[in-house]
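Shown here is one chain on its own, the form predicted on its own, set out as structure tokens.
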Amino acid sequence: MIDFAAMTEGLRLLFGSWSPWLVMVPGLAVGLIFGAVPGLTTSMAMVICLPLTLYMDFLSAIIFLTSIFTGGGFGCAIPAILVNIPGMPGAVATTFDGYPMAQRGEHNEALGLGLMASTFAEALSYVILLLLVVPIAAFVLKLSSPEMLIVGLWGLTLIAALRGRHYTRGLLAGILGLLLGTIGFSARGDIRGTMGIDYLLDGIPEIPAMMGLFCAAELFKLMRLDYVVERAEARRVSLRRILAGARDTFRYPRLLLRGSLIGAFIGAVPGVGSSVANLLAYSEARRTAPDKERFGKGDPRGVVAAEAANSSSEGGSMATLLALGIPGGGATAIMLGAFAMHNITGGPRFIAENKPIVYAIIFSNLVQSIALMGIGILFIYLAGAIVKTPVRVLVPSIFAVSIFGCYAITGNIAGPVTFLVFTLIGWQMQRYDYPVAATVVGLLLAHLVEGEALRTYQLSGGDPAYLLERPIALVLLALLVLSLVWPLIARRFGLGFGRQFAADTGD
């Protein structure tokens, strides 16, 4: 599994020069800042910094970019917890319990939980990558359209898990997201639902839409308050309480481990990424909890599960990049661009011909995970000023930053307009108790499910028996069905959380 000679050479490359370490801290800081500002993304930070890597050697360039990736993985959780705006799609599930904790004055504990879960899960994902990079590459090569379709459908079943108090309203909200996700060019090249608006040819911009859906109602609610956290004594940023939250992370070892493994596996599937991983880990944590009614009301377990999966997906996506040369998302696509800038070709041959560099990259990311803990705590002190800022200053500032950020994402007026339109939609949905999370899930997964469904149909010729020839697809399908029927089985046989499921499905 491990080539110890190559690993020794990789450690020599890593520790034999100061240059790889000089770029790590700046990279983490850039990632934290871009992740924490609504509308800015880790991919945007990496694109902006990509030209700088021309003046670095290849190892330093990749370490710099992965440091930005690492910092952004936790940075997006900060606005999700403090003001209910996920910095990126991968932090959507973090808002469900992180923000209610902040409203109770437990923002220190929530940020500590998120930071430690992110740090631990990312380190674990790279340990897994260190041990299993070759088997992971072989397994991911076997995932084709049918398997990715089932993974996407699994993500869509989260609509049921995130339905809130009313099952039918959750379904309607999820269907709305799916319909909105079909706007623009279809997988076959047909144009749908654009109403003649050229800006919609590529579909609805997802991040501006998501920001509008999530922040609208909360910002309107905040306008009735003086501060995000009402009690003055609860607004303090406390190192002791942040560390207490970090320590409490290990009170949930099963959730932490399961979220990390879900994130690492989902992250390794190209095109799926952290947005599915953190929603899936959160829904599994809620589904298996004996007291699931506590989720969504400020339960620390929700923060731990979501952030563990969000950050561990980085290791999975890096496995796909290093082993196959296939980027799992926007950030790893930019890293692949850095490969090309340094005249290096990614893919299976890259590992075979550059094993020392691969090991050096993996070990540098393990160090980044540890460094993130210290730098993250310092950054939390700065970001914690949000809860000390009067709402009359905070709300206009967030709206302004969000609008500028949305413009930066799309490069045209479509971003700000999408944000404002979905702000109104989100406000009305929350006003009438329709779960916006279900709409976000549908919007994020619509393209994946539609595209993979079309390719599966083309490969199979419309014959369902095609699945019988793909054992991995059958296993994934069995797990999908089990996740759907397990609550019914639990209710039938009187298992712990079955009774709560029966109460949840009432309208």
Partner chain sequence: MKVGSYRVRVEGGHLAFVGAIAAFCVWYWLDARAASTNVQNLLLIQPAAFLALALCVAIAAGTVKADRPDASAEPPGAAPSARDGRGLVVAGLLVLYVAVLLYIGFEVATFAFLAGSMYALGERRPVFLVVFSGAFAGAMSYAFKFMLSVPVPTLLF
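Numbering follows the first chain given and starts at 1. In this text, all values refer to a predicted model and were calculated from it rather than measured experimentally.
Absent from the display: the form predicted together with its partner chain. The rest refers to it.
Among the residues Gln103, Asn354, Thr182, Ser145, the one placing a heavy atom within 4.5 Å of its partner chain in the model of the complex is Thr182. This chain is displayed alone, yet in the model of the complex one of Leu336, Val417, Ile375, Ala123 has a heavy atom within 4.5 Å of its partner chain; that residue is Val417. No residue of the trio Ile128, Leu131 and Tyr252 has any heavy atom within 4.5 Å of its partner chain in the model of the complex. Residue contact check for Arg294: none of its heavy atoms lie within 4.5 Å of its partner chain in the model of the complex. The shortest heavy atom separation between Arg241 and its partner chain in the model of the complex exceeds 4.5 Å. In the model of the complex, its partner chain sits within 4.5 Å of a heavy atom of Arg169. Not displayed here, its partner chain is kept clear of Leu366 by more than 4.5 Å at the level of heavy atoms in the model of the complex. Annotated contact segment (heavy atom within 4.5 Å of its partner chain in the model of the complex): 393-401, selected among 367-375, 393-401, 115-123, 73-81. Contacts with its partner chain in the model of the complex, taken as any heavy atom within 4.5 Å, map within 431-466 to Tyr432, Tyr434, Ala446, Val449, Glu450, Ala453, Leu454, Tyr457, Gln458.
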